[in-house]
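Coming up is one lone chain in structure tokens, specifically the form predicted on its own.
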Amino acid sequence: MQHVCETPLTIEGALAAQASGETSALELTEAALARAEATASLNAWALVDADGARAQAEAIDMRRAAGEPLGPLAGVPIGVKDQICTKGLRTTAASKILENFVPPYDATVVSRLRQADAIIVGKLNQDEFAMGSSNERSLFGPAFNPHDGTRVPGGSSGGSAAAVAAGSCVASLGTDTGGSIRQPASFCGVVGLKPTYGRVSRWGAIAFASSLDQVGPLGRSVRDVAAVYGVIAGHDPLDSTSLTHAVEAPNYAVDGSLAGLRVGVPQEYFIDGIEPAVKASVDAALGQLEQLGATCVPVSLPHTEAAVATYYLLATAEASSNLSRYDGIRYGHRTSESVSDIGALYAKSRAEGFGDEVKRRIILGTFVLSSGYYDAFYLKAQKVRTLIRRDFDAAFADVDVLATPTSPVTAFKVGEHVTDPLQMYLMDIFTIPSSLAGNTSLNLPCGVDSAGLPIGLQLIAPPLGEARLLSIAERLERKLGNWGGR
């Protein structure tokens, strides 16, 4: 199986086609279901709720026929990462330990999609508990890249990116802790947004690292991503970290000019090891920004080199704490073997239920938090995180946005790095710093390499800068035009 991408309707196109009577919500849903079946070899879907999706679509068509008001995503087929709870639909975080878990409630973001009349097609494949950069570590097996079925789609939201790229849903939800929306979006040639920490509710999203996790949208265009973001963003009293600031809408200027915009280009992101095609495409995109009137200036983020180590201390510590709830007692997998005491029950259930990468991170995080090591590792990492955030604050005092490669490489072969955890961790070297700082950032497709594999440009804005970020990205997207993958 090789290149299976196609160009489906955008959200704007899907809404217009329904309004004109050219199609219906049910027809759009049937097309998505057919495409999911036709591209089943990608393994992008963990669960397809065909009956539920059809029922949602039929209800929307009846309401439209009756002249009732409809939501801003009416009839649009959307997929949801399996990290995010869906009432009545199995939600596993791609882990055996939650293999049979069916939530009795929707996550806030899912409730908001339903209120907007989106069609929830099903749940999307991912790395177990969102821990991975390739979507190879999953209860459901690896997902594959629609541009080349021998390659990974990225991770951990690999299914979310692959499904959008393959046309089996118009848009999707992923989660991003250290790059898990942006990196797969780059590998699959779609747009992916990591919102500001606290901008989108995490209530009902299964926790990995609570000070870093964010839910965000993926789509075929900036406007599609902005449309979904506009629905899911905003304060949620159920999430104690949710921000109360009003959600601003992007400004799509007709002339597309970026005159007066200052774009910072961090020198630390253009390092040895970047594939030449990635650097060439990013440089070309920077040139396009300048043609639109922007000024590109060099900036420095001096603590960038410490970001990966800092992330893997903090994220694993939080994972160790968050995943302690899976004990084989209250819910989730429980060993069927006879055990002598409750300690053995915990140990056996967790050993059977968690995969190797999750175990690796739990062990590392437990060590980081252990007596005698807390100050040397966890506390020091928190201090370095502050330094990284201050680097960004200083840069944003002089520029409006930052522009970097999203990933140093294009999609790699399935199995190429699966036995080398350190190499896999370095795949997120350009996305992790922004996550640690709590910024908002976005992947925008900007080219392809000689094999036709997508390349992504990362745009980063200060916290709460989504409207600015999306406005700039939409204008650049118009300028870039069809880069060969869309």
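One-based numbering along the sequence shown. Model, not experiment: these values are computed from the prediction.
The form predicted together with a small molecule exists for this protein as well; it is not shown, and the discussion that follows is about that form.
Novice: Give a yes or no for Pro77: in the predicted complex, does one of its heavy atoms lie within 4.5 Å of a heavy atom belonging to the small molecule?
Specialist: Taking the distances in the predicted complex, the answer for Pro77 is no, it never comes within 4.5 Å of the small molecule.
Novice: Taking 4.5 angstroms as the cut-off for heavy atoms, does Tyr311 touch the small molecule in the predicted complex?
Specialist: The answer is yes: Tyr311 has a heavy atom within 4.5 Å of the small molecule.
Novice: Could you confirm whether Met131 comes within 4.5 Å of the small molecule in the predicted complex, counting heavy atoms only?
Specialist: Within the cut-off, so yes.
Novice: Would you classify Thr86 as touching the small molecule in the predicted complex, given a 4.5 Å non-hydrogen atom cut-off?
Specialist: No, Thr86 is distant from the partner.
Novice: I need to confirm a contact call. Of Ser186, Ser168, Asn145, Ser156, which residue comes within 4.5 Å of the small molecule in the predicted complex, counting heavy atoms only?
Specialist: Partner contact (heavy atom, 4.5 Å) among the options: Ser156.
Novice: Exactly one residue in Ser138, Thr177, Thr108, Thr410 has a non-hydrogen atom within 4.5 Å of the small molecule in the predicted complex; which is it?
Specialist: For this set of options, the contacting one is Thr177.
Novice: If you check in the predicted complex, do Asp82, His333 and Phe354 all have a non-hydrogen atom within 4.5 Å of the small molecule?
Specialist: Looking in the predicted complex, the three residues Asp82, His333 and Phe354 all stay beyond 4.5 Å of the small molecule (heavy atoms).
Novice: Have a look at 365 to 373, 270 to 278, 384 to 392, 123 to 131 and name the one stretch with heavy atoms inside 4.5 Å of the small molecule in the predicted complex.
Specialist: Among the listed stretches, the partner-contacting one is 123 to 131.
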